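Next up: just one chain, as structure tokens, the form predicted alone.
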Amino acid sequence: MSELLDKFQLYFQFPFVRYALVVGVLIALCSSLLGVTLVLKRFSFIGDGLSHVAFGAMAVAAVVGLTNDMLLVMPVTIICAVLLLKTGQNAKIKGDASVAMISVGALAIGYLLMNLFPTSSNISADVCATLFGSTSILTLTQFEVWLSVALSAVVVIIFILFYNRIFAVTFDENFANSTGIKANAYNLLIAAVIAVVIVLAMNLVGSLLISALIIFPALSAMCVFKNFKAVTICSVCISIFCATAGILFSIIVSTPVGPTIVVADIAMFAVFRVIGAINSKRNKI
């Protein structure tokens, strides 16, 4: 135990470890806040679709030679989030079909561009790192950390300020409209905020694993709690704990950061599933 503590003390002397933990916790916080809303509104796959869009935008940014790819990735992802929401409301193109169209198209275009205009000699490693996450979370610059802090603060402030409206839109859009709340406007706001969270999470878990960061904490909390506020708070706690544990474990054991965090989320879901089953049996008795 003392050896483990000494190893932690040694690693925390390095700025990149502290940066990774700060950004990881912030991303976990933001993704879990909106995860409950997405699961309840059956928008879970929007995270998958937008993450593939972000991958395609990153490929375009690399081909164009942008030093800061977020200048392209962020607006493109937000625009596609709005398009996904709009096309999902179209009777001719159902929501799941529009997600599949945009996500698969963006993924294919991104990979094609990376092969046609390679920016390095090892394309497979670049693609794998972008899709599943890599050590990029451990190579964050101070600017990227402060940018993540600023964007995370915006996400949290928006959620707190519009909590009641987001709650109303999540459960009953017709009721929200009848009370004067513009449901479509808040749906667009939710989609834009999710796009921001996904772009932030690209460095942490990669584009293919982002949905896990959004969905698993929410589903875990729903196994035990039934109140919206309680589920949201529990989801945040679970997400932060799993992100912290995953990052620390990956640093010590040298495992990929993204998959390690997702495995921690899966393990936590299994634990809460068991707790929920035990509670339901007690209530029946």
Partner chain sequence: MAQISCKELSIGYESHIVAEKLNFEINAGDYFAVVGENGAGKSTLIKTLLGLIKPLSGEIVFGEGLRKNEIGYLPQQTVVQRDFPASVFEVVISGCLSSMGSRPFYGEREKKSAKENIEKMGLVGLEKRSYRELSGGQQQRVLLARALCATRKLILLDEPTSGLDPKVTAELYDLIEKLNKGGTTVIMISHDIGAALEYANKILHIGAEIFFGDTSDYLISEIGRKFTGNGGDENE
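Numbering follows the first chain given and starts at 1. Only a predicted model underlies this, so the values are computations on that prediction, with no experimental measurement involved.
What comes next is about the form predicted in complex with the partner chain, which is not displayed.
Check each of 151, 102, 181, 72 and return the one that places a heavy atom within 4.5 angstroms of the partner chain in the model of the complex.
-> None of the other options qualify; the answer is 181.
Could you check which residue among 40, 240, 248, 62 gets a heavy atom within 4.5 Å of the partner chain in the model of the complex?
-> Selected residue: 40.
Does residue 160 reach the partner chain in the model of the complex if we count a contact as any heavy atom within 4.5 Å?
-> Residue 160 belongs to the contact set for the partner chain.
Is residue 177 a contact residue for the partner chain in the model of the complex, using a 4.5 Å heavy atom cut-off?
-> Yes.
Using the partner position in the model of the complex, report whether residue 222 sits within 4.5 Å of the partner chain, counting heavy atoms only.
-> Heavy-atom contact with the partner chain at 4.5 Å: present for residue 222.
Answer for residue 227 alone: is it within 4.5 Å of the partner chain in the model of the complex, judged on heavy atom distances?
-> Answer yes; at least one heavy atom of residue 227 falls within 4.5 Å of the partner chain in the model of the complex.
Out of 209 to 217, 168 to 176, 105 to 113, 75 to 83, where are the residues with a heavy atom within 4.5 Å of the partner chain in the model of the complex?
-> Heavy-atom contact with the partner occurs in 168 to 176.
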